[in-house]
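Take a look at this one chain, the form predicted on its own, written out in structure tokens.
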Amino acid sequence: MTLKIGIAGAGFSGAVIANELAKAGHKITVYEPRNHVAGNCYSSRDVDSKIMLHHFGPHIFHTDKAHVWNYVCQLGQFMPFTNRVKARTQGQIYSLPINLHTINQFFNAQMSPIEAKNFIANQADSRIKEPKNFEDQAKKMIGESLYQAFFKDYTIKQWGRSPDSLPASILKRLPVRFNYDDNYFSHPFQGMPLEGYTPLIEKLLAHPNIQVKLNSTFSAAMKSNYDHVFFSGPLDAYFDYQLGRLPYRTLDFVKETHQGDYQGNAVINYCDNSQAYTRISEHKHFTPWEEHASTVIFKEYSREATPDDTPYYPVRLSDDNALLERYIALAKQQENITFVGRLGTYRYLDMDVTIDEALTVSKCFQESIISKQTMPAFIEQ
């Protein structure tokens, strides 16, 4: 059975689903509001320096899922890359995530792993039994001094909110290591595509059963033209914001070109209030196998998204969940549409999770056709 499928968005979610269903014989039309594919993973070479630029912020591929790693490696060659983030705070430069080197440098000590573990345990606020928010979680994990130096001001700049209003789960993703491992990610599979992310998406969409329409926004009124729709745009946008707008943070990037090496590292976070930007990324360091005489940096500023901005990070606060639940309930009442991806499900998703969920959604859709079951608006992951 050949079906007409409409897909909103040509990022990883839309492209993976489009490719999987096109291979199954369905006719796919992908609508992308921008003038390029690949969504926020879009990359291209700088005209002057020829450096590969991540136009919407750094994207480092990392995963603990072997099947996802094998999947992306079939789309293009990946080069080894380890993200070693540095942090500027209180007039010094430290290693992130917080590790034994960070602890010893910050406290001017030479502690062993067990000494450092005991020391941090004593620093931690033992009065906090069940952390209710980001600030509680930080103080319980690492204590007041490290929290103030590395997380408090950075979090306020990144989220525009007091840390005591953010969920504890944000910090739970960040490790504290009692060794000298400064690999920002702990996943076994890490790398960077040799020619950037855009060719990977282009390969997924280069199927004869797929038509891509750039500069085209999918609207709810178009759903009746298709047997099924997969929507990876903003959840509230699909409903024309009839219940109000879900909150997002957006990013502003200030590009600068310099000669030589600007900061000696791919990413440096600015954790205190000495600068308004949250970090500087120097993009030639994302391709260490290449040589460039000049360099391109981006200073990154975070702020609340307006209706005219590109949404980056969903802000999942406790007082926002009521509006989100109302939109989810509204979505579940719809027929022949499934909401996918970071924007469609209003969740922060890494690339590997996005791809994995897109593969799962594609499989569930095929199974629903065979079993003649209704495809749900959201697939439980």
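Treat the numbers as computed from the prediction; the structure is a model and nothing was measured. Residue numbers here begin at 1 and follow the sequence given.
The next section is about a form of this same protein that is not shown, the form predicted together with a small molecule.
The closest non-hydrogen atom of residue 271 lies within 4.5 Å of the small molecule in the predicted complex. Not displayed here, the small molecule is kept clear of residue 297 by more than 4.5 Å at the level of heavy atoms in the predicted complex.
Heavy atoms of residue 197 never reach within 4.5 Å of the small molecule in the predicted complex, leaving it off the interface. When the small molecule is considered in the predicted complex, residue 104 lies well away from it, no heavy atom lying within 4.5 Å. The stretch among 145-153, 218-226, 199-207, 237-245 whose residues place heavy atoms within 4.5 Å of the small molecule in the predicted complex is 145-153.
Residue 158 is the only one of 158, 95, 123, 287 with a heavy atom lying within 4.5 Å of the small molecule in the predicted complex. Among 214, 109, 254, 174, the residue placing a heavy atom within 4.5 Å of the small molecule in the predicted complex is 174. Although the small molecule is omitted here, in the predicted complex none of 30, 42 and 56 has a heavy atom within 4.5 Å of it.
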